[in-house]
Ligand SMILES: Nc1ncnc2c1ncn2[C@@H]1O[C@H](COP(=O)(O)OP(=O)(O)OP(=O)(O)O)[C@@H](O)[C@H]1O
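As structure tokens, one chain now follows by itself in the form predicted on its own.
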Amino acid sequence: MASGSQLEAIKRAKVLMVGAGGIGCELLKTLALSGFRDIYIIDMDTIEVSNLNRQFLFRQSHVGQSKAKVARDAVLKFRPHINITPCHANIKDPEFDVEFFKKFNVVLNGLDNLDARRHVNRLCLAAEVPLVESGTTGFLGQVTVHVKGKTECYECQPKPTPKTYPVCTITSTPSKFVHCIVWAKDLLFAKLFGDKNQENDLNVRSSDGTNSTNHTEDVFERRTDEDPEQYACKIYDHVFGYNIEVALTNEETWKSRNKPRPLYVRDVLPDNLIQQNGSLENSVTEESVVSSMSSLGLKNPQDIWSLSENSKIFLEALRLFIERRQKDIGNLTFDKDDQLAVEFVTAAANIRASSFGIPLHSLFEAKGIAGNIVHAVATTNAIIAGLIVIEAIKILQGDFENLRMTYCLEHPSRKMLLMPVQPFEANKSCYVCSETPLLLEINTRTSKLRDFVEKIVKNKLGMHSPLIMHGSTLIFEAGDGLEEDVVANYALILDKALAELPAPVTSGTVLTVEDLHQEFSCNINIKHREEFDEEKEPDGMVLAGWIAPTQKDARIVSNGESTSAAHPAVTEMVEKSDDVEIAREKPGTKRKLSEMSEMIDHVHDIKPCSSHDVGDQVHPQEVEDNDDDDDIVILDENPETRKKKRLQ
């Protein structure tokens, strides 16, 4: 039962809730039942069928509607007298600026990606509004608290950079199934069904430097006299047969690698099987979803198909796209909820995997990799939502001494399933809240301004409307409200090398980069560097400026853009204890540093996750977390004590 002071703080509070997905549904319910009366919800997503098993405020009839608005209506049915304002929008929209954030007493995040989390963190810092962060993945979860001037900010500890793969690995020398998924999803699927004007090179180069495009320049264009079966066979032979043969001519590539095997339809499927490959009558399921599995009588998505079955699925899926979804071709992007797209990508990835001697995977497994899916646990979301509200109430009461970052464990550790940790002080090397300059190593003679803007300013620093200054000279600006001629002038210099700009950027230059919307700026010291390791530094530039974790303290990537460190470590740590007990602390007491150190001693020796982890699911050039659900990402900070000062 809440005390009188708690109830009063709750009644007066204005709460901003960002995200109405897995955590968000639980959080809104818990806020309403805890007595909160003024809640503002922002979520840009609509409800999908795959949300219904755990986002309990939604029903089948709500599919396609705004999550924020449906969540509000559902909660008002049992708490009709509270004020809930829903907003179907992107938290990064200009209207949600610092002045907007200042209206609230606390911000509660239930987001699904690093970029949006960083954006909210910076606005909370600028508005001086406390932030409660959260995330879950399976049985694991955490709640962290960030109060300006009292704790570290969300970005005080460096988040693991998403794993990247050079394009040449994806197109020519795959060694993991995830490489095959990326190739099938982001190259082949996009080439066949996506924007025809988008740059996309599925071809490889032979040893004499000639490109395979010379052989079949228009191979992906379907001739008017070509029926769907003929076209599908032609594509199959080109990407799995001819392209592999061309790759094999480069003998240097295969000196230390196993050679792939070219695959042609005639070798995998007899002529009579090609002609009997599917039935349009069976290609539509009861839910009116076009499916090559249904057409071929394959039912279990957890079965691993043979090479022959994958080949049939590939040909049948391509035929069905042409005959049943012709109007979509040219505008499609991969969607994990598109059954035919998942079937096509699974089959294409498995055929390529077979060619390169990589183990095949089921459609269920391939869908998880392609869609960045980590299966959610509704109970974890409920636990985390409750912890968020507990910390929010402490903030509203001004009880900063008893704030806790809490980690939900899969197995008990020292008889605890919930591990509370005191927040850490701000990192003096944090470029966000401590304004520490960054260092960028880059080839200023070959790297273009566009590379700097896209790879560093937008992707790594998370700025959306950047302004770049060289001393008093404005080099570049982006965002709404710019005049057309200004935008055109900036477009002209984007492809200039940094050293060739009107205000040349060379070694020793200090650039100031600012985002007026976020009210955030930082300085970047430029250091010229001639060469970069293509495998280890595929961006062709290296950004530094924080105290990077040592090998011993290295954080572990888990889910796509997960900023988690050690939930695999925590799992190992807790395997030695079988007794279950929720961790409790006496009011006003703090866990001793030695006790916490003992509890996490096992964290430091854990190896990064395997290639089957969602962290390995990538685009050819950059990994992204593409899932739409907050409950499948992020374990943020690790309950570690190394070299960090606890709040006194």
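Quantities reported herein were computed from a predicted structural model and do not represent experimental measurements. What we label the rigid core is the largest C-alpha set whose atoms superpose within 1.5 Å from one form to the other. Residue indices: 1-based, along the sequence shown.
Absent from the display: the form predicted together with the named molecule. The rest refers to it.
Trainee: Have a look at 379, 436, 113, 507 for me and say which one sits with a heavy atom within 4.5 Å of the named molecule in the model of the complex.
Mentor: Contact residue from the list: 113.
Trainee: Exactly one of 118, 176, 238, 336 has a non-hydrogen atom within 4.5 Å of the named molecule in the model of the complex; which residue is it?
Mentor: That would be 336.
Trainee: Looking at 145 to 153, 300 to 308, 88 to 96, 319 to 327, which lies within 4.5 angstroms of the named molecule in the model of the complex, counting heavy atoms?
Mentor: In the other structure, the partner sits against 88 to 96.
Trainee: Might residue 51 be said to contact the named molecule in the model of the complex, defining contact as any heavy atom within 4.5 Å?
Mentor: The answer is yes: residue 51 has a heavy atom within 4.5 Å of the named molecule.
Trainee: My question is simply whether residue 70 lines the interface with the named molecule in the model of the complex - judged by any non-hydrogen atom within 4.5 Å.
Mentor: No - in the model of the complex, heavy atoms of residue 70 and the named molecule never come within 4.5 Å of each other.
Trainee: Is there a heavy atom of residue 32 no more than 4.5 Å from a heavy atom of the named molecule in the model of the complex?
Mentor: No, residue 32 sits far enough from the named molecule in the model of the complex that none of its heavy atoms falls within 4.5 Å.
Trainee: Taking the named molecule as it sits in the model of the complex, is residue 43 in contact with it (heavy atom to heavy atom, 4.5 Å or less)?
Mentor: Judged by the heavy-atom cut-off of 4.5 Å, residue 43 is in contact with the named molecule in the model of the complex.
Trainee: Residue by residue through 445 to 479, tell me which have a non-hydrogen atom within 4.5 angstroms of the named molecule in the model of the complex.
Mentor: Heavy-atom contacts within 4.5 Å come from no residue here.
Trainee: Do you see a C-alpha shift of 2 Å or more at residue 93 between the shown form and the other one, with the core held fixed?
Mentor: It does not reach a 2 Å shift.
Trainee: My question is whether residue 335 is one of the residues whose C-alpha shifts by 2 Å or more between the shown form and the other one, given a fit on the rigid core.
Mentor: Comparing forms between the shown form and the other one, the residue 335 CA shifts at least 2 Å.
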